[in-house]
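Starting off, we have a lone chain in the form predicted on its own, written out as structure tokens.
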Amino acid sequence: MTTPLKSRIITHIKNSGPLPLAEYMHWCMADPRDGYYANQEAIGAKGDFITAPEISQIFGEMIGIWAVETWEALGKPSSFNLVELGPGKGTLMLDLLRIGNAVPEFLNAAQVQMIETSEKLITTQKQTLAHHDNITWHKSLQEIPPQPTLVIANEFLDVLPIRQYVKTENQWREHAIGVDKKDNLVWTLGTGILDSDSLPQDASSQPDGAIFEISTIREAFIANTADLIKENKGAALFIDYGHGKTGFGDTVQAMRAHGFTGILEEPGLADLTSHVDFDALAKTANSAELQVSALVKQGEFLLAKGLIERAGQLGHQQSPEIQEQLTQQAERLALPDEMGNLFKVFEFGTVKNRD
């Protein structure tokens, strides 16, 4: 399928040469005219995927419990930043603030800061959170005011562009996108070569064709978040799908209408993501001399915060149908073969709430 963005990318490649995967992903997702976030209804039943906050209100409420506990560990500051990166429809923050109703002191102290670059999503978020005050929208972390800060992000890191390198005759050459004689987008090799110091120790034993992924953009984002927290005191909580040990393999995928599609098939219409290398990000946070908690699975985290108890509370005196629905929602969030194991919880800061 030829999309407006695909035509522009083909013209660019013909004029400038193969396009590295990271640049292709940036065009597909963030192009202001034809990119995915500029035009698509990404999240929800009518979109291309459903995130945890859209599955159940309990997810955001459990994040709210984390926020209250961390605020208490910081000494209950009378004013603090409650920052969300890539807030989607605003559902997670809405549910998080519901928990704050039980702790008025927390709610009064929270200055909600939403980091969002999509004007379309900002409009949706403002509608979702219309009944809440003390909410400000920003384009970047650099705009956050100096005071104690909590940062939360769900399925934010996975959409940041990555670079792929393919092993070819003892070199790791950058994976790129080219154009064939029929004007189809095709995979090719670019001119970039990855230095051996940036590879895992067992890189030499990998066969030709092996793929290694790296995201300097993700690492830079974690570094910027760590600097903000170190300077102002606070903590960050990132939840995303990925792995806890750096390795090899192709994890890039394209989603459209709740199904997989070809990465090169529909630029601008499909959501492009990849698995997060939490090992690399933990090293970045550690270098900032912050306390980094052990990586845990989403299911374990939610159960520890009271997922089952909250589901039971919501289902009390409800119909059997509602109770069954709540049970299914909780299982989808926490069971190992659902979202429970694939999604990980990455936490760091100046306080440490868990081992």
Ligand code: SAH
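Residue numbers run from 1 along the displayed sequence. A quick note: this is a predicted structure, and the numbers were derived from the prediction, not measured.
There is another form of this protein, the form predicted in complex with S-adenosyl-L-homocysteine (SAH), and it is not shown here; the text below is about that form.
Although the partner is absent here, T51 is a contact residue: one of its heavy atoms lies within 4.5 angstroms of S-adenosyl-L-homocysteine (SAH) in the model of the complex. Looking at L107, you'd find every heavy atom of it more than 4.5 angstroms from S-adenosyl-L-homocysteine (SAH) in the model of the complex. Shown alone here, L160 lies within 4.5 Å of S-adenosyl-L-homocysteine (SAH) in the model of the complex, counting heavy atoms only. The closest non-hydrogen atom of T117 lies within 4.5 Å of S-adenosyl-L-homocysteine (SAH) in the model of the complex.
In summary, the region of this chain contacting S-adenosyl-L-homocysteine (SAH) in the model of the complex, judged by heavy atoms within 4.5 Å and restricted to 200-208, 223-231, 183-191, 80-88, corresponds to 80-88. Checked against S-adenosyl-L-homocysteine (SAH) in the model of the complex, the candidates N154, S274, S215, Q113 yield a single residue with a heavy atom inside 4.5 Å, and that residue is N154. Scanning W27, Y37, F301, W66 against S-adenosyl-L-homocysteine (SAH) in the model of the complex with a 4.5 Å heavy atom cut-off leaves one residue, Y37.
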